[in-house]
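Consider the single chain below, provided in structure tokens and representing the form predicted alone.
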Amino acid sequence: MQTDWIMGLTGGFAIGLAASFYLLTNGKVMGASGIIGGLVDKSGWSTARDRIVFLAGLVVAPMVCIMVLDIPAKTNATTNAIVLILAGLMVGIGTRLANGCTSGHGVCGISRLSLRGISSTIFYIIAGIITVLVFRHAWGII
């Protein structure tokens, strides 16, 4: 579609704005996996309310955009629920191993010129490319 780049630019701007706002108001890097991880392992329960509000925003904001902007609410990745669940688990494990996720390392780490963020981003992009090559082109799963 001719306007896909506009949606990507708008989404990137919104994520950058949210990351900046989170850093300015909480003094912490906006890393979704760390926010969730702090609730799961109970290390972040002192800020549980802020974490829950942030996570609720991650769920509600796309729903509002879908309704307001009349965007289709479907992905073209796969309709196989098992693949989606396994992919989610693999991403979760990977973010714990890397001590962060795309928002923490990719958005916030690179913008702060963090060597750990930059190197992590390079490695997860390479891992994503390899995963797509194997699962889509070699095995035909996705």
Partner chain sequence: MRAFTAFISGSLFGIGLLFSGMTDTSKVQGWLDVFGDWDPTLAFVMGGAIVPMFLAWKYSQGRKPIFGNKFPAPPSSDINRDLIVGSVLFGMGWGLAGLCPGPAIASISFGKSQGALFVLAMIFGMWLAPNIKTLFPNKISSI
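Remember, it's a predicted structure, so these values are computed and weren't measured experimentally. Positions refer to the first chain, counted from 1.
Although not depicted, the form predicted together with the partner chain is the subject of the following passage.
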May I ask you to state whether G92 is within 4.5 Å of the partner chain in the model of the complex, using heavy atom distances? yes
Taking any heavy atom pair closer than or equal to 4.5 Å as contact, tell me whether D70 reaches the partner chain in the model of the complex. no
Using a 4.5 Å heavy atom cut-off, state whether G140 contacts the partner chain in the model of the complex. no
Contact of G44 with the partner chain in the model of the complex (heavy atom, 4.5 Å): no
Taking the partner chain in the model of the complex and a 4.5 Å non-hydrogen atom cutoff, the residues of 111-142 making contact are S111, R112, S114, L115, R116, S119, S120, F123, Y124, I125, A127, G128, I129, T131, V132, L133, F135, R136, H137, I142
